[in-house]
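Next up is one chain by itself, shown in structure tokens, the form predicted on its own.
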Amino acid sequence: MGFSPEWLSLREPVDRQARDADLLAQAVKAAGPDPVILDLGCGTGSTLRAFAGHLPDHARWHLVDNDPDLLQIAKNLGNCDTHVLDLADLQALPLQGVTLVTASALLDLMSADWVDSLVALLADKGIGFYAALSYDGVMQWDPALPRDHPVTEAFNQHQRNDKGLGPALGPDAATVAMDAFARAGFTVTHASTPWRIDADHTDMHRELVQGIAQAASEAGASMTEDWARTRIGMASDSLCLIGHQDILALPPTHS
């Protein structure tokens, strides 16, 4: 899986279907009449595309990622500036004039310390934050297999490994972030936004299973190859639900 353009393209339709429409609308409102939006870990620009049609034509975006190849794709979206930056250095973010900071599928990769630093920075600037699609640790398949639960547990353990900024929050990301923003005086709302992967998304289902099995194996789970082989064979005839959370945190000036 990783962050290849191919994987990001496979998941984007499922991401878009999963996003909570009400929370997205609130985020659009929070961006204001002259939106300048900074998207963290933008990849190929999925967040910008999710907002398309909801913002005025003059809305501007700052797209931030550490992968120049992904930014090369994103920069063709228009009305955006791209920035190759390491998210470890939050002080380097181009926040001048920004009215909303966004992220998609990012918080679960970050550490609690990083989230605390981001909260402090946005509290100081009085900027709201919209984060979609943070993995919450829930996996369900129909039909179920005996190995589903141990594979999920091992995968969740792997998600908490250090991704370069200290131990990642993994399945705890949304809860930790909501608590941190609330302590800083932000008004926080959230919504459950699970992926629903069915026969219309067989290619993504197969790729997802491969990635889950690899991570679970690295975390010490046994028989992951057998589990993956069976799941991949069932991909066109089974339903997969992967839990995610969307959050919106608005500073007191927005409340």
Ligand SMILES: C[S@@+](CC[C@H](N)C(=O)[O-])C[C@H]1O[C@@H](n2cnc3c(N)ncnc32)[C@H](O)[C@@H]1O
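No experiment lies behind these values; they were computed from the predicted model shown. Numbering starts at 1 and follows the sequence shown.
This protein has a second form, the form predicted together with this ligand, left out of what is shown; the following refers to that one.
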> Can you say which of 169-177, 100-108, 138-146, 152-160 gets within 4.5 Å of this ligand in the model of the complex, counting heavy atoms only?
Replying inline: 100-108
>> Even though the partner isn't displayed, in the model of the complex is Asn66 close enough to this ligand, meaning a heavy atom within 4.5 Å?
In response: yes
>> in the model of the complex, does Pro194 come within 4.5 Å of this ligand, counting heavy atoms only?
In response: no
> How about Arg11: is it within 4.5 Å of this ligand in the model of the complex, going by heavy atoms?
Replying inline: yes
>> If we define contact as a non-hydrogen atom of the residue within 4.5 angstroms of the partner, is Pro35 a contact of this ligand in the model of the complex?
In response: no
> Which listed residue (Leu121, Ala184, Leu87, Leu77) meets the criterion of a heavy atom within 4.5 Å of this ligand in the model of the complex?
Replying inline: Leu87
> With this ligand left out of view, which of Ala112, Ile127, Leu165, Ile73 would have a heavy atom within 4.5 Å of it in the model of the complex?
Replying inline: Leu165
